[in-house]
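Here's a solo chain for you in structure tokens, the form predicted alone.
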């Protein structure tokens, strides 16, 4: 075979291979992806995330719902489920401790969310308007948020100590108390002590988001308000509040959900005591599920927390008139 024929043979095979590759690409995955619509492509990209959420959120929720309608028993190392219908929920409604626990939960949630939002508003407005103390707050207000929940709980446990706690020492020096108090074992002061510790931890996050929302407001609006003779109060009610209302809505919902599921702080400080004075639904659910090994009853209490969250969210949406 001469050189010219060999070249034509090789060149021809190369063209044929190229045609085959084009054909494979044309009917292949990439080609099919190109033909998908924008909506289908978006769903395809979201599929991994949606699958992960389905497996980690909705499947456990459905499993917990199933358990809440069951009596779970441990027989020879195996879990057995006996369907009991609404029995666990009826048991919860007839539980003598339930009303007190529900009252503690609502009081703890409302007080903590309102106080956190009020203090965070004060700090964010101080920094935003550059008032006295703005530089001080700007440098230190994120420190409590940087601490882990366990470290925060142990720190406040030490500070509230009735033997050597600095909280007692400061109040004694200021003349507010005559002697050291046992803040965490007194049923009249335990709830306030836990609330104070939780508010201290939560304020920085709320203040940070409020400040970020305020700083996104165009400066021209403030300048126009000043031209019209408006002061800081006018700017707050007519410029700042309307612009940051969606952020306030989000913060209310997030803070309510986080407060309803506070467990580590309460457990490390008081374990729900003394005499159930700091017992919330979340701690109550843990106690029933993992100390009394009544998983069905614990799951029913957990769904009570879910219902409370929905009620609070619905109330916020109606009050703030935020649709989306």
Partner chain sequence: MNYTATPRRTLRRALKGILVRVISLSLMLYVLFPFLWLVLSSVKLPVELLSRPPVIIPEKLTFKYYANLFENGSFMTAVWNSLIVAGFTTLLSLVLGVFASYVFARLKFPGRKAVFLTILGSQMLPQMALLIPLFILMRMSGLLYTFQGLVLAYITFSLPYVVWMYYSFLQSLPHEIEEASRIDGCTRLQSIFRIMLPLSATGLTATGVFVFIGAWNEFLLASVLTDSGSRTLPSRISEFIGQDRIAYELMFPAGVISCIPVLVLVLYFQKYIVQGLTEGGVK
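What you see is a predicted model, and the numbers here were worked out from it, not measured in a lab. Between two forms, the rigid core is the largest collection of C-alphas that superpose within 1.5 Å. Residue numbers count along the first chain shown, from 1.
Beyond the structure shown, there is the form predicted together with the partner chain, which is absent from this document and is the topic of what follows.
**Student:** Within 4.5 Å, heavy atoms only, which of 187, 223, 169, 82 is in contact with the partner chain in the predicted complex?
**Tutor:** Of the listed residues, the single hit is 169.
**Student:** Tell me which stretch of 86 to 94, 233 to 241, 124 to 132, 100 to 108 has a heavy atom within 4.5 angstroms of the partner chain in the predicted complex.
**Tutor:** Every other range fails; the passing one is 124 to 132.
**Student:** Is the gap between residue 163 and the partner chain in the predicted complex 4.5 Å or less for some heavy atom pair?
**Tutor:** Answer yes; at least one heavy atom of residue 163 falls within 4.5 Å of the partner chain in the predicted complex.
**Student:** Looking at the partner-bound form in the predicted complex, is residue 245 within 4.5 Å of the partner chain by any heavy atom?
**Tutor:** Result no; residue 245 lies far from the partner chain in the predicted complex.
**Student:** Can any non-hydrogen atom of residue 270 be found within 4.5 angstroms of the partner chain in the predicted complex?
**Tutor:** Judged by the heavy-atom cut-off of 4.5 Å, residue 270 is well away from the partner chain in the predicted complex.
**Student:** Residue-level question: is residue 183 within 4.5 Å of the partner chain in the predicted complex, judged on heavy atoms?
**Tutor:** It does not: once the partner chain is placed as it appears in the predicted complex, residue 183 has no heavy atom within 4.5 Å of it.
**Student:** Checking a candidate spot here: are 218, 311 and 315 all in contact with the partner chain in the predicted complex (at least one heavy atom each within 4.5 Å)?
**Tutor:** No residue of the spot touches the partner chain in the predicted complex.
**Student:** Suppose contact means any heavy atom within 4.5 Å; which members of 131 to 159 contact the partner chain in the predicted complex?
**Tutor:** If the 4.5 Å heavy-atom criterion is applied to the partner chain in the predicted complex, 131 to 159 yields 131, 132, 133, 136, 137, 138, 139, 140, 141, 142, 143, 144, 145, 146, 147, 148, 150, 151, 154, 155, 156, 157, 158, 159.
**Student:** State yes or no: after fitting on the rigid core, is the Cα displacement of residue 118 between this form and the one not shown at least 2 Å?
**Tutor:** No; residue 118 is a residue whose C-alpha shifts by less than 2 Å between this form and the one not shown when the cores are overlaid.
**Student:** Core aligned, does the CA of residue 180 move at least 2 Å between this form and the one not shown?
**Tutor:** No, its C-alpha moves less than 2 Å.
**Student:** Could you tell me whether the Cα atom of residue 158 shifts by at least 2 Å between this form and the one not shown after core superposition?
**Tutor:** Where the cores coincide, residue 158 shows only a C-alpha shift between this form and the one not shown that is less than 2 Å.
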